[in-house]
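To begin, one chain is listed below as structure tokens, in the form predicted on its own.
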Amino acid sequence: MKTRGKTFKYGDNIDTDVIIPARHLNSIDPAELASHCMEDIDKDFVSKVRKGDVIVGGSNFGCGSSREHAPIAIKASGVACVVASSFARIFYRNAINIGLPILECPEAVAAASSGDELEIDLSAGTIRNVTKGADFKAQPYPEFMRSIMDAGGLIEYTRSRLASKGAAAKTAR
């Protein structure tokens, strides 16, 4: 999967309360969560983000609580990928579970500025800063994780696998 979009850059330790403030956690509607994404750190984010854009963060992105609301809000806002120096462990897993592509690449983070255009190839793990003409390499997803991401997250992946097993079982009869 390839994507290209504008960068929204944030610093280190962006926690889940900054990504989606706790006062909005009474909703599980992705569109409602997206309408409040990053509002406490960047009041213009929601009005400026476009489908395919990229969030770039420093180290420990997504620290704090274990809520899935944070990656859901990011994905529903149209962000195609989050690139960070490092991710909090639970955010990393939640992002995979809901199908939000994320890549760790400290060099790409250090070189990026807000507004830069990034081109990302998730299959290859490459990040090209089109604005600055610089290329970076992140660790691509292993095949099984790429399958989860391609399906749109763990639930959709599981549904697909169960459906295919059910179809195979019917064929075998």
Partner chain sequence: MGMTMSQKILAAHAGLASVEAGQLIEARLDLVLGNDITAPVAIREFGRIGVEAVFDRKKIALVPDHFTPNKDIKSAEQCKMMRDFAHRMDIENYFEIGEMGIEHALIPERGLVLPGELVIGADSHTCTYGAAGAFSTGVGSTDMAAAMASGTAWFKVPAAIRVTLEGEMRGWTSGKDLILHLIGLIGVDGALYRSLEFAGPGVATLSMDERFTIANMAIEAGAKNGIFPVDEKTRAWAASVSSRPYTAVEPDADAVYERELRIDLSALTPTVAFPHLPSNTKSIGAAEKLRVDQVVIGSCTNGRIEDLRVAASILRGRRVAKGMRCIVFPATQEIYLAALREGLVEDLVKAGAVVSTPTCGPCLGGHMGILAKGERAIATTNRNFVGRMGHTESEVYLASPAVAAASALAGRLADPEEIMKAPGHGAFTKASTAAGTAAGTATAEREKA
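Positions refer to the first chain, counted from 1. The term rigid core refers to the maximal set of C-alpha atoms that superpose within 1.5 Å between the two forms. This is a predicted model, so every value here is computed, not measured.
Keep in mind the form predicted in complex with its partner chain is missing from the figure; the text below concerns it.
Undergrad: Candidate spot 18, 27 and 156, all three in 4.5 Å heavy atom range of its partner chain in the predicted bound form?
TA: Result yes, every residue of the spot touches its partner chain.
Undergrad: Only one of 125, 106, 64, 52 has a non-hydrogen atom within 4.5 angstroms of its partner chain in the predicted bound form; which is it?
TA: By the 4.5 Å criterion, the partner-contacting residue is 64.
Undergrad: Taking any heavy atom pair closer than or equal to 4.5 Å as contact, tell me whether residue 88 reaches its partner chain in the predicted bound form.
TA: Residue 88: contacts its partner chain in the predicted bound form.
Undergrad: Is there a non-hydrogen atom of residue 32 within 4.5 angstroms of a non-hydrogen atom of its partner chain in the predicted bound form?
TA: Within the cut-off, so yes.
Undergrad: Given that the partner is absent here, does residue 59 sit within 4.5 Å of its partner chain in the predicted bound form, heavy atoms only?
TA: Within the cut-off, so yes.
Undergrad: In the predicted bound form, does residue 80 come within 4.5 Å of its partner chain, counting heavy atoms only?
TA: So residue 80 does not count as contacting its partner chain.
Undergrad: Among 142-150, 113-121, 129-137, 44-52, which stretch sits within 4.5 Å of its partner chain in the predicted bound form, heavy atoms only?
TA: Only one stretch qualifies here: 142-150.
Undergrad: After a core superposition, would you say residue 161 shifts its C-alpha by at least 2 Å between this form and the one not shown?
TA: Shift of 2 Å or more: yes.
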